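Quick setup: one chain, the form predicted on its own, written in C-alpha cells, and binding and motion questions come after.
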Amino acid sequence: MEIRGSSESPPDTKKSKSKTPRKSKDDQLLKQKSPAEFFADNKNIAGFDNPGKCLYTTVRELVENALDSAESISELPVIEITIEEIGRSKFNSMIGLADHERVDAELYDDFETAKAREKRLAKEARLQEIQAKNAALGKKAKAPTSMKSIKSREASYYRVTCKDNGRGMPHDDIPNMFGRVLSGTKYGLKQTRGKFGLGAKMALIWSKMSTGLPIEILSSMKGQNYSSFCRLDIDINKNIPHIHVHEKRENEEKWHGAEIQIVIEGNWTTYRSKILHYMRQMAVITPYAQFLFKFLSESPDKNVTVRFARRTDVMPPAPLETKYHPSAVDLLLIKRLIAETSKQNLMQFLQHEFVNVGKSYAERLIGEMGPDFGPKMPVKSLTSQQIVRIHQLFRQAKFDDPSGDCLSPAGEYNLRLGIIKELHPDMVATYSGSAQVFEGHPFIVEAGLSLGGKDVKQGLNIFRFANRIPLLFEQGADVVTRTAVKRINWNSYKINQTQDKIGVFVSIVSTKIPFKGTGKEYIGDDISEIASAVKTAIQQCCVQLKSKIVKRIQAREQQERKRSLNKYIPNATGAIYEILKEMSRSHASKKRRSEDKDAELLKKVSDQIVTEETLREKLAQHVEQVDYEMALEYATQTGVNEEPREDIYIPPLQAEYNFTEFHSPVFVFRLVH
C-alpha cells in the first residue's frame, strides 16, 4: 500500500504546480505614460466625461481661449462660434470610407425582434384604448407617456469652429501650442481662465479618440502680411505634434486673430441647454464682448442662431503675474525657485522671489534661520536640510497680506450692464468687495442681485463665476449656492425666496481658485474666508435692494390711497351737494341766514352755477394735487429730477474718437473731445 501511495503522489504534485500562474517578463518592466496618454485615459478630469459633455467643454475651451487672446492686446472681443452637425454619410466621405448597408440586421444592438415588436404594439394599443375610454367618460386624460425607444450607440459628429480677433499665434509655435500637452503661455502665478492649462489640446485628444481627424488652425498676428495655416494631430504616446500641413498664406485683408476648426463626436440634443446657458452667462460677465453662436443642422428647422451684442467698450484691466507669498509655498516650489532664480545670494533671493519681503524683514528672517545662514550666502549652495528650515520658518512667521493689484475682476459697472443686458430685471444691485486673502492667495468677491426679468424662474436663480468663467455643474455643493440658500434671511430684506424671481450673481477672482472635485466645477464651502466674503457681498446687495423695494411699496400704497379716494368721490360729492342745496333753500326762505362768504356759495348753488359735477371736478383736482405733491416728495427722496429732459447723442462703439474717462464703481462718465 505504501509503495502504491508513493507512486500516486508525483502526478498530484505536477497538477498543483500547473495551477501556479507564470509571471511574464513584461510584468517586471517599469512603464511610463506621456502627459497626453494620461489625459486620454482620464479624460473625465478635464471635463470630457461623455460625448455631450465633450461637445460642451470643447466650446467652452475655445471661447475662453479666444477671450484671453483678444484681451491680451486690449482688443474688444468679437467671437464667432459655430457647431455644424455632420451626418454619417458625410463623415464617412470625409475620412474616405464608403457607406455600407446592413447585411445581418440581428447583429446590431438596435434590432427589434418580432416578439418584442408584438409586445410593444400590444402595449400601445392598450394605452390608446384606455385613453379612448377616459375621453368617453369625460375624464381628464393624462399626457401619453412616450414609449422607450431602442437605444442605438451610433455616434453623432460635429464640426466646431471658433473665430476671434485676438493676438494670433507665432507661426513656428502653433504645432507645440496644440500638439503638446502641458505646454502653454498661461503657466505662472496669475489670474487665468484655464483650469488645467489644456485648452484646445484636450479637444484634439478627444477628436483623435473619436474621429481620428486632425485639427485645423488659421492664425495671423497684428501687422503681419501673411496668415499661418496648420493641420495637425497629436502623437498621444510621445506627446508630440504630428504635422500634416504647416504653411504661410496671403493675408490681404490684414486680419488678425485665430480660426480653429475641429471635428469631434458629441451630443447636441442632451447638452443644447447647457451650451446656450454657458454662452448667456459668458455674455453677462463680459458685456464688452460680442458673441455670435450658430448651430447648423442637417434639418434647417433645427438651426439655431443667437447673437449676444456688446453693451460697453470698457474692459477690465489685464491680470498681472505676481510673486509667491511666503505662506503659500511648499518645499518643491522653494527648490524650483532656487533652481530658476537669477539672484546670487540668499538676501536677494528672498527679496526678489517673494511678495511683501523687504530688505529689513529679509534680514530678520535670515537671522531667525540660524547660524548656518547669512545674507551673502550663495542661494544655489543651500542644502536640503537648510531648505526645510526656510520652509518651516515661512509657515510660522507673520507676513503682510498680498494686495489685490494683480487681480482683474469684472467690475461693478460691467457686472451691472451684463445683468441688465441679458435678464432685463426690474431691479438690480451690485457690490464689489475689497481684496482678501486665503492661504497666501489674494481674492476678490463681486456680487449682483436682480429681481424679475426675462427667462427667470421663480425662486433663486444662481449664477456662479470663477476667474470670469461660468460654472454650470455641481451647483449644490458650491459655496455660493449654500450661502444663498442657507445663510441669507431673504424675508428680512422684503424678498420672497420662493415667489420672487431672484437672480444671484457671484464672481470670484484669485490667483488660485480652490476648486473641488476632479472636474473642477465648484468651489468648496470649507474655506471660511471665501464663505464669509460671499455672504457679505450678497448681503450688501440685499441692503441696496431693500431700500428700493420699500420705496416701491410706498409708491404702491400711495396709488392705492389715490384709487380709494377716487372711488368715494361720487358718493362724497353727492352727499355734499344735497347738504348745500338744503342750506341754499333755508337761506333763500330766510329761515337761517349765513355769512357773506357762505351766502355767496349758496347763491351759486341755487342759481345752478355750482353743480354736483362742479364739486366732483374740484374734488378730483384736489386728490390729483395731493397725489402730485406726495409723488414729488418721493421723487426728491429717490433723486429723480422733474426738470425737462434734453436729448443726448451717444456715438457708436466702433467709431474713432478722442475722449477722457472718469470712472466710478457703478458708472463711467466719458467726455468726448
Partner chain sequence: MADKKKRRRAATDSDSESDPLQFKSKLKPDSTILQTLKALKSSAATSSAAKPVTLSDLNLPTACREVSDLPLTSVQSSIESVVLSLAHSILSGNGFSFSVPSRAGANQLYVPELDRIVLKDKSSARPFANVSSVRKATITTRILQLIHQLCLKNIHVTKRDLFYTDVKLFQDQSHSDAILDDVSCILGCTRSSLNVVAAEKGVVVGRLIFSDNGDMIDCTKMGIGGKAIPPNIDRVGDMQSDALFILLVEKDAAYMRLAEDRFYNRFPCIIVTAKGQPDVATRLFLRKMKMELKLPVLALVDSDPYGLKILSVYGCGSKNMSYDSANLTTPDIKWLGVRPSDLDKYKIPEQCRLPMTEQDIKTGKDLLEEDFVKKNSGWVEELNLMVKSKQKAEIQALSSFGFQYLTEVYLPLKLQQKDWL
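Numbering follows the first chain given and starts at 1. Note that this is a predicted model, so its numbers are computed, not measured. Note that the rigid core is defined as the largest set of C-alphas that superpose within 1.5 Å between two forms.
What comes next is about the form predicted in complex with the partner chain, which is not displayed.
The partner is not drawn, yet in the predicted complex one stretch among 324-332, 155-163, 570-578, 366-374 has residues with heavy atoms inside 4.5 Å of the partner chain: 570-578. The listed set Arg487, Lys294, His244, Arg561 contains one residue whose heavy atoms approach the partner chain in the predicted complex to within 4.5 Å, identified as Arg561. Just one of Glu298, Glu118, Glu582, Glu112 comes within 4.5 Å of the partner chain in the predicted complex, counting any heavy atom, and that one is Glu582. Not one of Leu189, Cys230 and Ala258 is positioned with any heavy atom within 4.5 Å of the partner chain in the predicted complex.
Though the partner is left out of this view, Lys618 does reach within 4.5 Å of the partner chain in the predicted complex, counting heavy atoms only. Using a 4.5 angstroms threshold between heavy atoms, Leu602 counts as touching the partner chain in the predicted complex. Proximity of His622 to the partner chain in the predicted complex: non-hydrogen atoms within 4.5 Å are present. Though the partner is left out of this view, Asp173 does not reach within 4.5 Å of the partner chain in the predicted complex, counting heavy atoms only.
Contacts between stretch 461-495 and the partner chain, counted in the predicted complex as any heavy atom lying within 4.5 Å, involve no residue at all.
If you fit the rigid core between the shown form and the other one, you'll see the Cα of Ser564 move by 2 angstroms or more. Once both forms are overlaid on the rigid core, the distance between the two CA positions of Asn42 between the shown form and the other one is under 2 angstroms. In the core-superposed comparison between the shown form and the other one, the C-alpha atom of Lys53 has shifted by less than 2 angstroms.
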